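Below, in structure tokens: the form predicted on its own, a single chain.
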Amino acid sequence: MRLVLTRRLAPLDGPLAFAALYAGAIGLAVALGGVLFLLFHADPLAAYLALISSAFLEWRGFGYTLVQATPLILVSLGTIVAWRSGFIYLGFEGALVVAAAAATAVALAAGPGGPLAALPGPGVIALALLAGAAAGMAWSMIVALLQVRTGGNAVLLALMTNYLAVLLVQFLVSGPMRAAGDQPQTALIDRAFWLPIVIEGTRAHAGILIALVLAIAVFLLMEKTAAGFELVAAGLNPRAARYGGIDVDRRILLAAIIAGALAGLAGAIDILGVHHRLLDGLSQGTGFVGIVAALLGRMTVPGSVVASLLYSGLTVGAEATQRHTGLPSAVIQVVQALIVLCLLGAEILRSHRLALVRSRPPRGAA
């Protein structure tokens, strides 16, 4: 006997089937994680209770979950716009860190004695966010222009620009923007230019409100406007879109502008709301995790927001679980990976059926 995958006559698209598959996938991942906890002599129930309560039920932990989810939501929104338009962009990590550098430069320039010192705090915050969005947009346009003009591979181009961006930030924090001290980082941004806290007693800042407003804007753009229809049409079938009079290359450039600006805002918000200075390694893979969140959300805005919150909650809960149970943080990261893998596996089962079939008897057997 062996397990084989056979294609279904029609994919499972109903809401009940979708909910059942995803619930089963999460349940399987949780069960596998529980087995892993037992191997480390930890109580699975206590570990999961600590994870969930610290990330979603405790006010302080929930605020930190919102902080972690903010850049993921923005990057996942950028992924939706870019990928559904046929621009398979993987350079969000680079756009994010370059934007963080631009936002930091603006905020530092508004400090005492700086050229922007006359601006009020809200004006500096707005200008820093715009600078981050512009920097992210310009960075993503490098890949889009090369793809449109030369037919280059967008995936390879984007991955290379990620390396360039990381090296550029390392140069900035080690050279022209470095503050006095032993660490490769800039000076601390003036507190007047930090994003305001929206939930007292937590670290949740106004960035989550910006992300949710932009989520609504992206949903309306992609689902309710002619421009969104043309973006999706260009991504589904470029040849048919061109036949229908859509300028596909221009739509790809538009998608790159929007996606880069969203990633740039993620970087600027991370600086003004979390780090308050530019430092090496600030992103920690947010640009890639945001893509995963968009995929888990099935390239829909509501799904991506939920996936971003879920992934961030797991990250926040992992730290609390480690404190309560003594489990290594790597074990919780394995559970995170199991959830992602099982959810992606559920996507396969939407279009395929897993069946147990009898192995063919050896030739010559009676």
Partner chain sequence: MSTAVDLAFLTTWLAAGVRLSGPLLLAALGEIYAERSGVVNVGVEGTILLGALASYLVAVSTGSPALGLLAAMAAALAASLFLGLFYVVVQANQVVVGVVFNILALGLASVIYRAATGDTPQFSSTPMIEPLAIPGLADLPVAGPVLFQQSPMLYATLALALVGGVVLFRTRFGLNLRAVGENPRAAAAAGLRVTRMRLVGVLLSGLGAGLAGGYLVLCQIGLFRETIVAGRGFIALAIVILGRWNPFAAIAAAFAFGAADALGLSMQLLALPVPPQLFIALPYLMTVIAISGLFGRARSPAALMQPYRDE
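Numbering follows the first chain given and starts at 1. Keep in mind that this is a model prediction, so the values were computed, not measured.
The discussion below concerns the form predicted in complex with its partner chain, not included here.
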{"query": "One stretch from 35-43, 65-73, 302-310, 50-58 that, in the model of the complex, holds residues within 4.5 Å of its partner chain by heavy atom", "finding": "35-43"}
{"query": "Contact residue in the model of the complex, from 237, 183, 225, 150 (heavy atom within 4.5 Å of its partner chain)", "finding": "150"}
{"query": "Listed residue that, although its partner chain is not shown, lies within 4.5 Å of it in the model of the complex (heavy atoms), from 348, 356, 23, 17", "finding": "348"}
{"query": "Triplet 30, 202 and 212 all within 4.5 Å of its partner chain in the model of the complex via a heavy atom", "finding": "no"}
{"query": "Any non-hydrogen atom of residue 163 within 4.5 angstroms of its partner chain in the model of the complex", "finding": "yes"}
{"query": "Any non-hydrogen atom of residue 156 within 4.5 angstroms of its partner chain in the model of the complex", "finding": "yes"}
{"query": "Residue 119: touches its partner chain in the model of the complex, heavy atom cutoff 4.5 angstroms", "finding": "no"}
{"query": "Proximity of residue 219 to its partner chain in the model of the complex, heavy atoms at 4.5 Å", "finding": "no"}
{"query": "Its partner chain in the model of the complex - contacting residues of 241-274, heavy atom within 4.5 Å", "finding": "none"}
